[in-house]
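This document starts with one chain, in the form predicted on its own, laid out as structure tokens.
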């Protein structure tokens, strides 16, 4: 019985994909490396603003949902960043490692030829660690949060004889979620020892009243047959507070990457510029 159900399920999934070309799902993949400037403020570790070089790596995967008639898409975004920052007097250093994973859905509008708008939201899981060796008792601070972000993008594509040129501007902001913020003067060792009694004081609901931010990206795609080069600039600002502690993060960087479209279950790369899914 179980084998029969598995066979029926496989037929249901793969038969539509193999029987009609229009039912193929195109997976859009973007990989980008960036370098820029990071500014960090963490009142748990220091009252000074730290700044320095930041390095980022982003991998984004997206596709239209089946049976959505190329109107609704899903997106998975993965981000890794490292920053090495100094205080204004260059007497203390703070290292910052951050990771985030996001998944969301977007609705697409096509009001004119070559012009695409998309709006939607993503659920993001963020984690980061700041390390400052100069501190004796509290040498590190953790950034842990779950956010539901809302945002959108506008994209315009110009087609020429041998290549296409795409311009895209993307913007998003955190709406609601929860975040981890320790109490003033409380060490992480104390939090660990008294987890049951301190948990309600260090986990906070977040919204626009205690967490505000803006994440914007300007991208330019040079699209040739079988290859797309992406150039972009990013500006991100985020501030949050709880337990009389204040935090902020500002990132300004430029990045370079590539965009590849693959047909799911087929593994073939799209060779036609007009078939790019523009997700």
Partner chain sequence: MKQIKPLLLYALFPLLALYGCESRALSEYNNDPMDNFDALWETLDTRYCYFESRGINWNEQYGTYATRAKKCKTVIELFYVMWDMLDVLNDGHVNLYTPFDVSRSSGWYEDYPSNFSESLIYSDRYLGNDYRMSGGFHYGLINNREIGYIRYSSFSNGFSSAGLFYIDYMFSDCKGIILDVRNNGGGQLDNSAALASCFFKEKTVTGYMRHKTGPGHNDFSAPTPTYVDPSTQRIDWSDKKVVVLCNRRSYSATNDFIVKMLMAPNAVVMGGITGGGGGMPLSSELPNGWLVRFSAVPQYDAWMQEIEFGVEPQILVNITPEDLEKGVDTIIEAAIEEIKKENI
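Residue numbers count along the first chain shown, from 1. Values in this document were obtained by computation on a predicted structure and should not be read as measured data.
The same protein has a further form, the form predicted together with the partner chain, not shown here; the description that follows concerns it.
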Inset, instruction - Sort through 250, 61, 234, 230 and report the residue having a heavy atom within 4.5 Å of the partner chain in the model of the complex. - result: 250
Inset, instruction - Could you check which residue among 109, 103, 189, 82 gets a heavy atom within 4.5 Å of the partner chain in the model of the complex? - result: 189
Inset, instruction - Using the partner position in the model of the complex, report whether residue 225 sits within 4.5 Å of the partner chain, counting heavy atoms only. - result: no
Legend entry - 4.5 Å heavy atom contact, residue 45 and the partner chain in the model of the complex: yes
Legend entry - Distance check, residue 71 to the partner chain in the model of the complex, heavy atom within 4.5 Å: no
Legend entry - residue 35: touches the partner chain in the model of the complex, heavy atom cutoff 4.5 angstroms: no
Legend entry - Proximity to the partner chain in the model of the complex (heavy atom, within 4.5 Å), stretch among 84 to 92, 119 to 127, 141 to 149, 159 to 167: 84 to 92
Inset, instruction - Output the sequence-ordered list of residues from 212 to 235 with at least one heavy atom within 4.5 Å of the partner chain in the model of the complex. - result: 212, 213, 214, 235
